[in-house]
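The form predicted alone is given below as one chain in structure tokens.
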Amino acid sequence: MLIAENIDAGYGDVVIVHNVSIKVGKGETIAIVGPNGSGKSTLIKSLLGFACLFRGRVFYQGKEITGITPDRAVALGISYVPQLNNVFVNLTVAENLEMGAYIRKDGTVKADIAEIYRLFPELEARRGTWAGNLSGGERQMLAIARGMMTNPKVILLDEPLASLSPKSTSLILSKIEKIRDSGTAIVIIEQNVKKALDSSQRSYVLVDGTCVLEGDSHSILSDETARRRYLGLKA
């Protein structure tokens, strides 16, 4: 669904990501993990025009989209959910979902909102609540739900588990699994390494802007050397 080859990316004239390649297929979840400052978010942002793409090529469904703008990426079917400022706090839950479909011209928005509520019944119960009054877990569910309102084929989630309680973390991961099972390709950038690897099929480990390890997530998680050297986990 989405392939990035030999990406150099950063901001201004500063290169943060060096020669990184990733790919994600239909109905697959991949995780991009690594320490703070390793370039995880910069990599993803560069694919959509939020950060500078200095070198490399990007393909979506077999067609090159290198240098695409964010609005065009959304129109094609690529959704991005940032870590911060990912909901409209002065709008209700229902209004946030409606805003998520602002680019759509079809007549199925109401039906899709109903489907979102089936996936996120917790949000339906709070549909008239200001987003700013939601709990952390509810707000993150709303951010993901709003990202799904464009009917994406690929959704990029930047730190979806940040600062969440264990209960909310498990709930969010269960929603992500259901979205993946529907056929959507998912890319998760996450500091919670163990949860990210447990919930993905393949992973990429970034250190200082370079991919130092990639492969089957469970194999990486069970590799004692990788756990100690790159993941900050106990052997």
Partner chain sequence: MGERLPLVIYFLSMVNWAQVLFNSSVTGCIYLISAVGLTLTYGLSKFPNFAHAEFMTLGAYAGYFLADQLGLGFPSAFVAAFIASGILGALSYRGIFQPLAKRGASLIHLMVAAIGLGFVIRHFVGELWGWSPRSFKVTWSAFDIGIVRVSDLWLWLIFAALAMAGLMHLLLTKTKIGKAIRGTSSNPELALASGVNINRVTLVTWLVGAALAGIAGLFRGAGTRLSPMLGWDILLPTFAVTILGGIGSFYGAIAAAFIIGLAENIGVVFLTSFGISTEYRMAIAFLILIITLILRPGGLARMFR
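Residue numbers count along the first chain shown, from 1. Predicted model, so just to flag it, every value in this text is computed and none were measured.
In what follows, reference is made to the form predicted in complex with its partner chain, a form of this protein that is not presented.
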item	value
Partner-contacting position among A125, A114, V89, L76 - heavy atom within 4.5 Å of its partner chain in the predicted complex	V89
Contact label in the predicted complex: A162 to its partner chain, heavy atom within 4.5 Å	no
Close approach of L119 to its partner chain in the predicted complex, 4.5 Å, heavy atom	no
Contact flag, N133 vs its partner chain in the predicted complex, heavy atom cut 4.5 Å	yes
Touches its partner chain in the predicted complex: G137 (any heavy atom, 4.5 Å)	no
One stretch from 187 to 195, 63 to 71, 36 to 44, 23 to 31 that, in the predicted complex, holds residues within 4.5 Å of its partner chain by heavy atom	63 to 71
Heavy atom contacts to its partner chain in the predicted complex at 4.5 Å, residues of 25 to 52 in sequence order	F50
